[in-house]
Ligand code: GLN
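Taking the form predicted alone, here's one chain by itself in structure tokens.
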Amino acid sequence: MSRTPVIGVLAVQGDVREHLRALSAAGAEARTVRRPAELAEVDGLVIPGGESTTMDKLVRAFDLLEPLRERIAAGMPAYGSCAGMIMLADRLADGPADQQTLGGLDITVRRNAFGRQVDSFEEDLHIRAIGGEPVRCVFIRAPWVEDCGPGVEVLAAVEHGPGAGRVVAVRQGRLLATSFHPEVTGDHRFHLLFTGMVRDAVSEDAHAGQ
């Protein structure tokens, strides 16, 4: 029987507690990560929503930038929601000149693409990767994906309104990202998906090490 995966939530800024609760409900052992030593103890990591430029500065202030990049490059599963998607993107369409990302996802992301806080909205999306009923998606100053590399799987795009057709959920290998905030709705299917990805990665790495 596989062990319970240990999944961290990057806790320098953003909606950390909501992700911790959702991960616990999805069957993971959820922990906060603020230091390199804490990062070294987790099997996977969630990068929450928040403000991406602030998150970038704080990650550097906590000496986490290079450890995070190294773990992601080495195959640690990671899931980014909203600002977390921006942090995982290889390229930004409109970031400040000094903004850095962790990278890993072969995508170009446009920050605040749907508009300001007052332009936040909700929409039900059909997402085959998680099955079942449509997912209620909450977009808050959300980014979208402008383009994807060939190895990126598009999981969801906006179905109605002025942003129709814009990509808002992607997966590439062990990395997952959404423009929206599934942690705030009580629907834990995305966290279940990610927990399963982490569990599979732990199993794969254990077999590879034998």
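Numbers for residues come from their place in the sequence shown, where the first is 1. Just so it is clear, the structure is predicted and the values come from calculations on it, not from any experiment.
Another form, the form predicted together with the named molecule, is not on view; read the next lines as being about it.
For this session: Could you tell me which stretch in 138-146, 153-161, 22-30, 64-72 has residues with non-hydrogen atoms within 4.5 Å of the named molecule in the predicted complex?
Result: Stretch with heavy atoms near the partner: 138-146.
Exercise. At 4.5 angstroms, heavy atoms only, are Gly8, Leu45 and Thr195 all close to the named molecule in the predicted complex?
Worked result: No: no residue has a heavy atom within 4.5 Å of the partner.
Exercise. With the cut-off set at 4.5 Å between non-hydrogen atoms, does Thr108 touch the named molecule in the predicted complex?
Worked result: So Thr108 does not count as contacting the named molecule.
Exercise. Counting only non-hydrogen atoms and a 4.5 angstroms cut-off, does Leu102 reach the named molecule in the predicted complex?
Worked result: No, no contact at 4.5 Å.
Exercise. For Ala83, is any heavy atom within 4.5 Å of the named molecule in the predicted complex, or not?
Worked result: Ala83: yes, in contact with the named molecule in the predicted complex.
Problem set entry | Residues in 180-200 with any heavy atom within 4.5 Å of the named molecule in the predicted complex | Only His181 sits within 4.5 Å of the partner.
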